[in-house]
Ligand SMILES: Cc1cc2nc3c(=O)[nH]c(=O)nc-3n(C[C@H](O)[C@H](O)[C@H](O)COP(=O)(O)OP(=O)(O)OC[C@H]3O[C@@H](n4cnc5c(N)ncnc54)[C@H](O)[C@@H]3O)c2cc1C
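In the form predicted alone, a lone chain appears below as structure tokens.
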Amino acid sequence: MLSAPFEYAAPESLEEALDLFGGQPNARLLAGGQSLIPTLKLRLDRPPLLIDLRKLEELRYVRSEDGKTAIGALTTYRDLARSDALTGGARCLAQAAAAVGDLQVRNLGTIGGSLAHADPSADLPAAALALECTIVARSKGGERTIEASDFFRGLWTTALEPGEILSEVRFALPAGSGGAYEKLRHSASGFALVGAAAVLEMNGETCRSARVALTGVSGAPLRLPAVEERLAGQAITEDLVREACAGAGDAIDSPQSDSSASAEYRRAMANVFARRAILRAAA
């Protein structure tokens, strides 16, 4: 099926894109197109204007200095997976990007598109939560920042307001952190039936603090505070992590249930994949 007719614009700068987007609230932004193009072709979305952001090289970068990292919204999954700047705890983001879809999707899909689309089974939202990322949103009125914990509002819903474009993702990591991402992959689509991201601040074998997040299990990614509290201040052993994660699935208030995995199965696998991510992060 072909998409419904629409006007097309390919701005040369972010400021030009903001002018276009601010003037047409029902427009859609095209980044990698891996989520938008299928919905257009199925006519699930019929925007009057498509704003193609792919010329905005100013939004393609990974910069890391003194424990602080900034990532442009048009940075692809491929570039994230291969970035030498994503070390330590940030490995959870690189591993999440490497786990996305297939080669074509990773070459075209972007971090900004993934986070703004907020697919409940996407990989990167869990990493964004575990890294306690700050989302930068730009509009004609200026710039504002949104914490990842406040950004994801529910099924395909974020805190972005009309006219705002996600321009950058930022996070800071202490020295001695480790990170990992593990997922149960849907055999056809590659989406996460269950995905777990972990970031641990380590002092030798002792965990100073932990951040653990899940995706694929409910309408929005979520943190596991009970697991994090159990790990903090403890020497990381397989037995401790198994005990801490035994009830991870219980933190899911309304688990997804579909033809691919039941709610009960997702709860059980949340325990398993949270444990795997934590042990890999600590290794």
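Model, not experiment: these values are computed from the prediction. Note that residue numbering follows the sequence shown and begins at 1.
Keep in mind the form predicted in complex with this ligand is missing from the figure; the text below concerns it.
For the marked spot (Cys207, Ala274 and Leu279), a heavy atom within 4.5 Å of this ligand in the model of the complex is absent from each of the three residues. Interface membership of Val169, defined by any non-hydrogen atom within 4.5 Å of this ligand in the model of the complex, is ruled out.
Interface membership of Ala81, defined by any non-hydrogen atom within 4.5 Å of this ligand in the model of the complex, is ruled out. In the model of the complex, this ligand sits beyond 4.5 Å of every heavy atom of Glu182. Taking non-hydrogen atoms only, Gly190 approaches this ligand to within 4.5 angstroms in the model of the complex. Residues of just one listed stretch (60-68, 244-252, 220-228, 29-37) have heavy atoms within 4.5 Å of this ligand in the model of the complex: 29-37. Taking a 4.5 Å heavy atom cutoff to this ligand in the model of the complex, the contact residue among Met202, Ile165, Ile146, Leu173 is Ile165.
Residues from 57-76 that approach this ligand in the model of the complex with a non-hydrogen atom within 4.5 Å are limited to Ala73.
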